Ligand code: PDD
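Before any questions on how it binds or moves, here is one chain, the form predicted alone, in structure tokens.
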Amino acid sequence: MTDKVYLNGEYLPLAEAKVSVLDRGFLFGDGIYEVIPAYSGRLFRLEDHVERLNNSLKGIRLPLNYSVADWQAIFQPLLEDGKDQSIYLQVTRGYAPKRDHGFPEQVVPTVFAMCSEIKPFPGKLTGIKAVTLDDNRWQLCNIKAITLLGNILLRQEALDRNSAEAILVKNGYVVEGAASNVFAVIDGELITPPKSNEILPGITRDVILELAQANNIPCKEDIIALEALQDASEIWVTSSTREIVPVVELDGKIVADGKPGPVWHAMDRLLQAYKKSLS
């Protein structure tokens, strides 16, 4: 993590960045966030991330009229040339003079951004273990809200069971991971659950679908029953900073031969080539 951060129009050392204890993000988790990778100092799919950010802001009724160029100008001083990093952006409804569930009459959002190095995710090349858990979160998972306690508890349960991720299931169907989207190769076709209020619309998820379609890899957005996932030949979890991570063991059962599969190898090569083409 770099020492310099952005907070409400200023760049300052991380140790000096402070917000009021009456900030609604602190008191209520009243805010949203976004994570944007940058490869060799170049922000990845910034327009898509800003679109998702604006959808989240709209979802919590928090107006903030920043353009893509405005965000670019804020983020760029935090980045270092030649490094793979990620921007963490958090916007809360800001300070209110008293603790009240209702929105304050006058809102000045708190805008915070910091930058961290992207390091290779352990297990990406060999695969990870995952467990399936019932999705007990709220009903607006398409909003990238900072209120992540449900995700945290599910992810920790997976860690407690010696697994790296929890794949969440609702009414017998796969939804997403605790901190990821989910893909499965079933009968030779790459499938991911369709967008809805039950999943976060992942940017990496969209890129994978675009690359698959452009390179004649059979793919679709469709529901995935838990039983179908258990019989899949490949399972992946995806996110902006971890990219595409193969799952080689699910609920204690080996997936296929217990190694990352051929579709994952092909897609990972395509993603790395696509990233380089943008630099």
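Here the structure is a predicted model, which is why all the values come from computation and not from measurement. The first residue of the shown sequence is 1; numbering continues from there.
There is another form of this protein, the form predicted together with the named molecule, and it is not shown here; the text below is about that form.
Taking a 4.5 Å heavy atom cutoff to the named molecule in the model of the complex, the contact residue among 163, 110, 151, 85 is 151.
Between the options 203, 186, 169, 114, the residue in contact with the named molecule in the model of the complex by a heavy atom within 4.5 angstroms is 203. Remark: residue 233 does not count among the residues lining the named molecule in the model of the complex, judged by a heavy atom distance of 4.5 Å or less. The named molecule is not shown here, and in the model of the complex it never comes within 4.5 Å of any heavy atom of residue 226. Residue contact check for residue 238: one or more of its heavy atoms lie within 4.5 Å of the named molecule in the model of the complex. When contacts are judged by a 4.5 Å heavy atom cut-off, residue 137 counts as touching the named molecule in the model of the complex. Comparing 212-220, 247-255, 61-69, 33-41 against the named molecule in the model of the complex, the single stretch with non-hydrogen atoms within 4.5 angstroms of it is 33-41.
Residues of 159-186 that come within 4.5 Å of the named molecule in the model of the complex, judged by any heavy atom, are 176, 177, 178, 179, 180, 181 in sequence order.
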